[in-house]
Each structure stands twice: as structure tokens, then as C-alpha cells.
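In the form predicted alone, a lone chain appears below as C-alpha cells.
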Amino acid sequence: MGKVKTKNKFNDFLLTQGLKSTNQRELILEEFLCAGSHLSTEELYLRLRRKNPRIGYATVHRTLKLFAECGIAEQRHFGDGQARYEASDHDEHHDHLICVACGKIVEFEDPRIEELQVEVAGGHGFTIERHRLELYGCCSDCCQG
């Protein structure tokens, strides 16, 4: 989903919820979309504070929750005790490799895994509607030596 569509979807969502489109919400959305994925509230807050020192942590947290409710972001938990958010793009599926030592998160796609999942599910009489694959281990930087 492009930035303009995402912004329009969020503004439409705010209207249906009886909420206002504020300058701070727009700044948070813009930074979220530019920053990449897997951001915690703290990480996004610190990025925003550099340019907008008046923005509050609670505002960032509540706005990220609104993004998830609206469907433009997905909340993820990768075992580090923090909720992380990534932009929803339902056209592009990807899976995750998570380093248990440093917390590095790598997105990957592999059609062989996708095909095998469908085959395994079919063998058990299932049709996959959605799935998440998260592989936890040690990245090459942390496992040297």
C-alpha cells in the first residue's frame, strides 16, 4: 500500500471513530512509514523527539495502537518483551529471522517454504488463511567464535 493510500485509510479510520486528524498523528504516521519496520514505541518516540521535542511518549503509543486497529500496521512480538510494529502490506508476505542475542530482525521470502506449508496443511485437510513464520537463533555477527 502506498503512502498516500495509507494516509487516506488512516484519516478515514479516524473519521469513523470520531477522532480528529491532528498534526502530531500525521507526524507520527510519516515517521513510521519512513522509518522501516519492527519499531517499538520507544524507538519511534526517540526518532520523533529529535525533530519534535514536544511530542509525548503516550501520544506515540496510542497512535501506534490506532495504526494497528486501522489495519495499516501490525503488532508483533519477537520474544524481547516489547511490542513492535510494522507497516501492513497484505500484498507482500514475508517471514522473520530473529537473533536471540542482539535482537536483529531479518525479513525474508522463500517460495519453497510457502509451497511446503500449503502441502503440509493440505495433507492434514487444512486450507491456510494466514500464517506467520518466525525463526529464532543467532545471527552471524553474534555467533562468531
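Since we're looking at a predicted model, the values are computed, not measured. Under this definition, the rigid core comprises the largest set of C-alpha atoms superposing within 1.5 Å between the forms. Numbering starts at 1 and runs along the sequence shown.
One more form of this protein should be noted, the form predicted in complex with a further copy of the same chain, which is absent from this view; the next part is about it.
J.: Taking a further copy of the same chain as it sits in the predicted bound form, is residue 128 near enough to touch it, meaning that at least one heavy atom pair lies within 4.5 angstroms?
T.: Within the cut-off, so yes.
J.: Taking the shortest heavy atom distance, is residue 79 within 4.5 Å of a further copy of the same chain in the predicted bound form?
T.: So residue 79 counts as contacting a further copy of the same chain.
J.: Indicate whether a further copy of the same chain has at least one heavy atom within 4.5 Å of a heavy atom of residue 137 in the predicted bound form.
T.: Yes, residue 137 lies within 4.5 Å of a further copy of the same chain in the predicted bound form.
J.: According to a 4.5 angstroms non-hydrogen atom cut-off, is residue 20 in contact with a further copy of the same chain in the predicted bound form?
T.: Outside the cut-off, so no.
J.: Which one of 30, 42, 69, 107 is close to a further copy of the same chain in the predicted bound form, taking close to mean a heavy atom within 4.5 Å?
T.: By the 4.5 Å heavy-atom cutoff, the listed residue in contact is 107.
J.: Can you pick the one in 52, 117, 88, 37 that has a heavy atom within 4.5 Å of a further copy of the same chain in the predicted bound form?
T.: Result of the distance check: 117.
J.: Quick one: which of 99-107, 43-51, 58-66, 22-30 gets within 4.5 Å of a further copy of the same chain in the predicted bound form, going by heavy atoms?
T.: After filtering at 4.5 Å, what remains is 99-107.
J.: Enumerate the residues of 10-31 that have a non-hydrogen atom within 4.5 Å of a further copy of the same chain in the predicted bound form, in sequence order, or give none.
T.: Heavy-atom contacts to a further copy of the same chain in the predicted bound form: nothing from 10-31.
J.: Residue 20: with the rigid core matched between this form and the one not shown, does its Cα shift 2 Å or more?
T.: The answer is no; the displacement is under 2 Å.
J.: Classify residue 34 as shifted (yes) or not shifted (no) between this form and the one not shown, where shifted means its C-alpha moves by 2 Å or more with the rigid core superposed.
T.: No.
J.: Is residue 131 displaced by at least 2 Å at its C-alpha between this form and the one not shown when the rigid core is overlaid?
T.: For residue 131, whose C-alpha is compared between this form and the one not shown after core superposition, the shift is 2 Å or more.
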